[in-house]
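In the form predicted on its own, a lone chain appears below as structure tokens.
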């Protein structure tokens, strides 16, 4: 997995390429946790595979940043990965966090 970091006005973008699985999930988690920006955007356009440890880590980081009053956005998810995430209810959890009255 390769992570490229780009700064943008008031936020940071982490571009993830390759595979996100149990062997490297900690690498992305540490990169997210060391960021201090209010908004961290994870761009998954270059992601080819994600396993349950990667999904769990992303949800955990979304919750963690939400509790801090910060935002973790996950964008440009490849269609094949998006379909798998929809099946396991990934987006329902994100929707609840985005709308606390849901």
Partner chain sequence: MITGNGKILRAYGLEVSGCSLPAEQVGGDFFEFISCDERTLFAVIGDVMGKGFHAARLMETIRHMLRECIRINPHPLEVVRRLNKVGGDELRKCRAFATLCLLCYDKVTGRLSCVNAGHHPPLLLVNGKVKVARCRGVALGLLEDYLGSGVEEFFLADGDAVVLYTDGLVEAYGPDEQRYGQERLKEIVRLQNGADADRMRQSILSDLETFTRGFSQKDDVTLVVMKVAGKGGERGGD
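Positions refer to the first chain, counted from 1. The structure displayed is predicted, hence computed values, not measured ones.
Keep in mind the form predicted together with its partner chain is missing from the figure; the text below concerns it.
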Does its partner chain come within 4.5 Å of a heavy atom in each of 15, 35 and 77 in the predicted complex? no
State yes or no: in the predicted complex, is some non-hydrogen atom of residue 56 no more than 4.5 angstroms from a non-hydrogen atom of its partner chain? yes
Any non-hydrogen atom of residue 52 within 4.5 angstroms of its partner chain in the predicted complex: yes
Taking 4.5 angstroms as the cut-off for heavy atoms, does residue 89 touch its partner chain in the predicted complex? yes
Distance check, residue 11 to its partner chain in the predicted complex, heavy atom within 4.5 Å: no
Output the sequence-ordered list of residues from 1-32 with at least one heavy atom within 4.5 Å of its partner chain in the predicted complex. 19, 21, 22, 29
